[in-house]
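Only one chain comes next, encoded as structure tokens, the form predicted on its own.
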Amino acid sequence: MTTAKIFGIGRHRLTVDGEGVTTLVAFTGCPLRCKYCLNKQSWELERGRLYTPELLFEEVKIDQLYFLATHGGITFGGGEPLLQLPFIQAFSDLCGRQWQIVVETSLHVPLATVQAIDPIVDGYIIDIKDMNPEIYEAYTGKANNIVLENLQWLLQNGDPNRIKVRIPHIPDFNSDDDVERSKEQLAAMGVENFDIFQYIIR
């Protein structure tokens, strides 16, 4: 039986995690250890509630009319949702193609995972952090080469409009100039949609 730990379900989110009305489902588990992580609870694998795809579907289908009317659906985040490939595939079989499926991801997973999930994903919100490999590794604890390889594959094998890349200005790690350089490099790769924002550290 396919199961996953989910630490949060946020309903009635409007245009912030994809098109229309969405429900954000947050998984535990992440390969990165970002210094200012917004969801550190995702690191704690014992946290959250254990779900099957069937149980999650029964819980979120209450909003099906909103999804269908607004071209919305489910956004999987976390944590790293692509670590839950079998769960998302099984969930997609239940909800069908009328619901949009979006993933908020670092893309820090094997290329085979991206290739396997791509046929059922309608949109990607990708956290790049920074294109400079030294900045990326200092902030996340990991190298960014696998991320860029996966992003390149997505851009070469699908519609770039499905992809939005988030580039944060992270205090003590990158500058406005770093952010602009990252945007220029990503645009040269074929990225068209960006979310540039400032981390507020409290």
Partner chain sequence: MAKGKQTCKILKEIRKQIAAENDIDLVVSECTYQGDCLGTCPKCEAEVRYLERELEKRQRMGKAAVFAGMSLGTLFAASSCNHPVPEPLAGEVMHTPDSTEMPNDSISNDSIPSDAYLLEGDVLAPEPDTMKAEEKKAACKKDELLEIVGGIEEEEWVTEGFVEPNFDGAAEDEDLVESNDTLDGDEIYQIVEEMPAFPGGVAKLFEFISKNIHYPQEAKEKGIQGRVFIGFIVEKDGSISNVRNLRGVDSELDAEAIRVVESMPRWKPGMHRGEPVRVSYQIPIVFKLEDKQD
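Positions refer to the first chain, counted from 1. Note that the coordinates shown come from a computational prediction; the quantities given were computed from them, not determined experimentally.
Heads up, the form predicted in complex with the partner chain isn't pictured, but that's what we're talking about next.
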property: V191: touches the partner chain in the model of the complex, heavy atom cutoff 4.5 angstroms; result: no
property: Contact label in the model of the complex: F173 to the partner chain, heavy atom within 4.5 Å; result: no
property: Close approach of E19 to the partner chain in the model of the complex, 4.5 Å, heavy atom; result: yes
property: Any non-hydrogen atom of R181 within 4.5 angstroms of the partner chain in the model of the complex; result: no
property: Contact set, 27-44 vs the partner chain in the model of the complex - heavy atom within 4.5 angstroms; result: C30, P31, R33, C34, Y36, C37, L38, N39, W43, E44
